[in-house]
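Next up: a single chain in structure tokens, the form predicted alone.
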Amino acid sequence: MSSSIEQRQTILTRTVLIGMSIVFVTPLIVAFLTSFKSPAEITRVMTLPTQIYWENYAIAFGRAGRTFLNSLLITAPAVVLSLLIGAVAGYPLAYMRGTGGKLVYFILLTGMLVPFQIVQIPLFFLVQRLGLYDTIPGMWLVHTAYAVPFCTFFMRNFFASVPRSMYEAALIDGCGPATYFWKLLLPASGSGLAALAIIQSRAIWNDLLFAITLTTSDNARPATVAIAGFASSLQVEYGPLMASTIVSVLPVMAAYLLFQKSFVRGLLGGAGK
């Protein structure tokens, strides 16, 4: 009797998961098919293209090709910097006791509640006066600074899940706090770093507000701005828009597929490490 109930629950769970997968995958499939359709076939959404129309990808790379490289040059260093700062800041907060640590932790958490629109204008003038407007290093700085509260929050909670006995044993063996962090704790936190790297890379790669505010030319403009340019108030170029969208989605999807196990372990707080 219990086995039949478990089988029904398994079937129901799998049915729900398959249904959710179809819901999430359908827009991607439609975008992929549309990227190969000619303008005359665009309106036939749920049909296969009669022939492969490569012109959409030619237009997408012709108008947005450099911006994909810019997105990569912005995302990779910004992710590394934000992870490094978040880990270094989260380490002492995970081991601090008393009201001082809680106060610092609370102040950092408030940074997660500040929407970008509030600091948009002051940030514009600040970056401009620093001489970093419309530059890739300027985008590194902004994304890293804005990610510090979340990265610190994430890594602090991950480090707190590591048994404190590991830290105490390292101290008994003559390992200092800095050595323990760089040689023991950080290498043991690979799953948490991988999970945070995927979250941050997706957020930075898909950013549009920072990109529109702080870049104006193809020298630093990321792909999201170029993709948005295919849709205007007068016309939407669906073919090139879908083609550029598919190209933009592939790097983040590939990163997730490569590190999905570490991503899941990291979200679970390092279970099983």
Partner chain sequence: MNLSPHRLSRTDWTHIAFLALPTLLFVTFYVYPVISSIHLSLHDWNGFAPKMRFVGLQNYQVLIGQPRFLHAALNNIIWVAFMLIVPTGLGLLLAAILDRGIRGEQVFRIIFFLPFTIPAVAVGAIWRWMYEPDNGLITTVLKLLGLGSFAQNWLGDPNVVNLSLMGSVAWWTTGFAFLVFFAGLRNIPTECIEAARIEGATPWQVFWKVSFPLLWPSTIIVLGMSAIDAMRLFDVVWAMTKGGPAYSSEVLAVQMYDLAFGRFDMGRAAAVAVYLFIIAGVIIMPYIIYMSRRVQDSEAD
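Numbering follows the first chain given and starts at 1. Quantities reported herein were computed from a predicted structural model and do not represent experimental measurements. Each form is matched to the other, and the largest set of C-alpha atoms that superpose within 1.5 Å is called the rigid core.
The next section is about a form of this same protein that is not shown, the form predicted together with the partner chain.
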| item | value |
| --- | --- |
| The partner chain contact in the model of the complex: L28, any heavy atom under 4.5 Å | yes |
| 4.5 Å heavy atom contact, A169 to the partner chain in the model of the complex | no |
| 4.5 Å heavy atom contact, K102 to the partner chain in the model of the complex | yes |
| 4.5 angstroms heavy atom contact with the partner chain in the model of the complex for Y57 | no |
| Heavy atom contacts to the partner chain in the model of the complex at 4.5 Å, residues of 165 to 181 in sequence order | Y167, G176, P177, A178, F181 |
| C-alpha of L103 off by 2 Å or more between the shown form and the other one on rigid core | no |
